[in-house]
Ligand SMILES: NC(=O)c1ccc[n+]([C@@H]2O[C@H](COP(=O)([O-])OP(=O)(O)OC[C@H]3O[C@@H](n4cnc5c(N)ncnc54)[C@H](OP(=O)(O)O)[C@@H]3O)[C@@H](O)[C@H]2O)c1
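Only one chain is given next, in structure tokens, and it is the form predicted on its own.
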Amino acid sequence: MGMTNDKQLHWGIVGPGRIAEKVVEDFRLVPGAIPVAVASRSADRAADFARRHGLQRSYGSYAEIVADPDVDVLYIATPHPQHHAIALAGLRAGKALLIEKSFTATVPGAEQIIDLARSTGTFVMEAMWTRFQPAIVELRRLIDDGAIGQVRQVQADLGVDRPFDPADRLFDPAQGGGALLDLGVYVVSFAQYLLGNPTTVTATGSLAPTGVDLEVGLLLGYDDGRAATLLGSLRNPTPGQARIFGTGGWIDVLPRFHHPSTFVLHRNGSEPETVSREPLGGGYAHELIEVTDRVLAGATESEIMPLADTLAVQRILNGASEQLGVRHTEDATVQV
């Protein structure tokens, strides 16, 4: 990697959409990380993004940013089905990767990226910012410390009221639309973080006229009787709350659980304890710090968001999609 020195990583942003607009703002809070380039399939869009955010270079193709020798890490924020081709090209070019959630559109797509990352010893992480929020870090520490005994059950919901629009990415099968890949990824990753990998996944829901999943209810089952009940919807708003139930108490994660600042710890026989931890900036700095620190340290994975967890989550999402009659595909037309 062409790092300018041991303490700096040059980042390239692939896909200057809604999420990238937010994430790029938090780089100012990340020591050692400098965003230097952006790529879009539209040269004008890339140039506009670069101008507004002070990036040195903009590209009108993904191939150009992959070939840029000055870029150490690619942040891939295109629609889900495009991640696969861009990630593989990035890995072949020796770039570390932060890949927006959902990681891919399919399980085989995720497996191919992970296999190439491992065989080349290159750092790859899914951009699941939730696990790095200070409130969630503290929550996990308390649970690991036995604050609520053994975790037995998890509940989580995430729903938004999005008017149906066949032109909107969220309702477009070709762009990996649907509730599961966009919203379900949060509730599933949250449950997987706390309970591990389920032995059964049961899904119910409904489809939009375009054939993507509009709403979903999931029951994750475990051999020893533990369970998660998870809800996601594009047709109705929900608070975005999570609850974790243990043998020694429970935790309420106050909305919205996927980037919370507060949770309430209920230990059996004790008064509730309110714990607040504010995130840095917009909340994206924490995952950027993780990638930057790990890559500079020579690591190939994050211990908090390891690739095995990403693959487990992808399997749950796609298995649930298929139960609803939705079959996602990777975008084979991406030019990289």
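Start at 1 with the first residue shown and count on from there. These numbers were taken from a predicted model, which means no experiment stands behind them.
Below, we turn to the form predicted together with this ligand, even though it does not appear here.
Asker: Only one of these stretches, 175-183, 134-142, 87-95, 114-122, has heavy atoms within 4.5 Å of this ligand in the predicted complex; which one is it?
Answerer: Heavy atoms within 4.5 Å of this ligand in the predicted complex occur in 175-183.
Asker: Can all three of Q155, G240 and P255 be found with a heavy atom no more than 4.5 Å from this ligand in the predicted complex?
Answerer: The answer is no; none of Q155, G240 and P255 reaches this ligand.
Asker: Between the options S40, S302, T292, T310, which residue brings a heavy atom to within 4.5 Å of this ligand in the predicted complex?
Answerer: Checking each option against this ligand in the predicted complex, the one that comes within 4.5 Å is S40.
Asker: Verify the contact flag for G12: yes if a non-hydrogen atom of it lies within 4.5 Å of a non-hydrogen atom of this ligand in the predicted complex, no if not.
Answerer: No, G12 is distant from the partner.
Asker: Whether I19 contacts this ligand in the predicted complex should be assessed with a 4.5 Å heavy atom distance threshold; does it?
Answerer: I19 belongs to the contact set for this ligand.
Asker: Does any heavy atom of R57 come within 4.5 Å of a heavy atom of this ligand in the predicted complex?
Answerer: Outside the cut-off, so no.
Asker: Quick one: does S233 come within 4.5 Å of this ligand in the predicted complex, counting heavy atoms only?
Answerer: Output for S233 is no: heavy atoms all beyond 4.5 Å of this ligand.
Asker: Going by heavy atoms, what in 71-86 lies within 4.5 angstroms of this ligand in the predicted complex?
Answerer: Counting only heavy atoms within 4.5 Å of this ligand in the predicted complex, the contacting residues of 71-86 are A77, T78, P79, H80, Q82, H83.
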